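Before any questions on binding or motion, here is one chain by itself as structure tokens, the form predicted alone.
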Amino acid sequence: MELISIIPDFQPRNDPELLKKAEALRPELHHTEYPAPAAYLLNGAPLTGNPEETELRQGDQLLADFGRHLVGRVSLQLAAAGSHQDAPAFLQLDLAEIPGELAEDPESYHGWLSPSWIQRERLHIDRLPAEETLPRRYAFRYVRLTVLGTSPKYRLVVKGISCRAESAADETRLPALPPLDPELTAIRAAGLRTLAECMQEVLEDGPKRDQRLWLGDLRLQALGIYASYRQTDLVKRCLYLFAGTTFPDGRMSANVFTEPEPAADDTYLADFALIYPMALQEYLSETDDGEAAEDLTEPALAQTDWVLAHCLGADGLITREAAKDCLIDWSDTLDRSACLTGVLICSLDACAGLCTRRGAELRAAAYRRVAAQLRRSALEKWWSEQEGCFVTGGQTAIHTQVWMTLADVMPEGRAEAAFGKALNALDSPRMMTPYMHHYYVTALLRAGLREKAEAHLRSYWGGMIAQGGDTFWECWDPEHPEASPYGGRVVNSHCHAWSCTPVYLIGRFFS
């Protein structure tokens, strides 16, 4: 599925007071110097000599491995050896989060996402020695330098490659973490690093791409923050940004741009908008923030109210047409109607909680009545006693079983068999993203299947570590490791916000 929305003459509706409060919560970025890579390869072989004395000729490649994922500004310290530099040094730099990115040819990428996200720079260095700082912030572990051009009269010497990393994550805020076995320790560490690298001036979805604030990612990042850094002001800033710039009719955009000024993107995803009341309720449960409750409750309720007014069919459930405007997971074939209905029910529960917090019990009761009716209608329409699971559009999709479980629609004691049926159905869509796998684990926990939940967390997120990741990825199907929703893995994000949730899951359920 392509996720591109262009609304002609789109004008977001901004609330100056909410945006002013968001700006006041802009975090300080913390910087860490990484003065040198941990290891080098020269033309594919380990570099045995002193890197600062290695002379590179035209066509040579130097691969620097910093030993861990970084987000920051890369600098090169360069010099010349031999005769006088009589021509510019022409260099190409490819930066990658995992080795597999370096194996792909960016020139062959023709996917629907812009190729401008590919992490490649070309530089002409007219005078050596020189220090060059790349103009963009990058997310990477590996830097491959290719000498495209020098001359017979001189060689290039790379005296150093360094990085000034940046993140809003304050390591001094991390509490003492309980000891775990080695596998869970490694998964928790990669989750923390994923979360920290995405904590910038907002909670970015990915520091490589798109480098902005997405609503579905925000909720999962916030859960991770509550279980680790406790930097709730950053969560609050993001909640205010979504409420402060919306569609003209009050709907929240799926994502918000923050530069040069805050602005809602002209992309609407109903499931993301419905997640906002859940994210706000969880934030208020963590902080008891009266100001946020006063400012943000009505914008939150408006998201659910809009879906109730515009997306239900004659049977009182989400229509297949309305369900096209949601993500749930990367899939071209998934019938999303029951999934979005499940998200709506969870959102209604959150809205009822928000109203109760404000003492609006009549309004809370109204939301609960609608949620109860949706549960009855969903069970009647989509539950198949013959199949032993929910069936929508002829599919026994795991996604549907997950959201029916999270919405408390799944008949008691039937979840385990329904999950098994859906996972083994050869013609049903597979889960593609850690985002969906998070909700699968939480659904297992909701159904009381704790051992299965922990086993899946270990196998799924541990599988990314086994594939060489030290942060968690945007898209990962263990049976199809080369898969990309964009038409090429070179633009995939391998440090992605919605993948950080082992921090929350381990901290809450498995430690």
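From a predicted model like this one, the values you see are computed outputs, not experimental measurements. Start at 1 with the first residue shown and count on from there.
The next section is about a form of this same protein that is not shown, the form predicted in complex with ligand RAM.
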Pick from 202, 156, 269, 169: which residue has any heavy atom within 4.5 angstroms of ligand RAM in the model of the complex?
-> 269
Could you tell me which one of 140, 229, 240, 330 places a heavy atom within 4.5 Å of ligand RAM in the model of the complex?
-> 330
Only one of 141-149, 202-210, 93-101, 286-294 sits within 4.5 Å of ligand RAM in the model of the complex by heavy atom distance, namely 202-210
Decide whether residue 473 counts as a contact residue for ligand RAM in the model of the complex under a heavy atom distance cut-off of 4.5 Å.
-> no
Contact flag, residue 486 vs ligand RAM in the model of the complex, heavy atom cut 4.5 Å = yes
Would residue 496 count as touching ligand RAM in the model of the complex under a 4.5 Å heavy atom rule?
-> yes
Any chance residue 197 has a heavy atom within 4.5 Å of ligand RAM in the model of the complex?
-> no
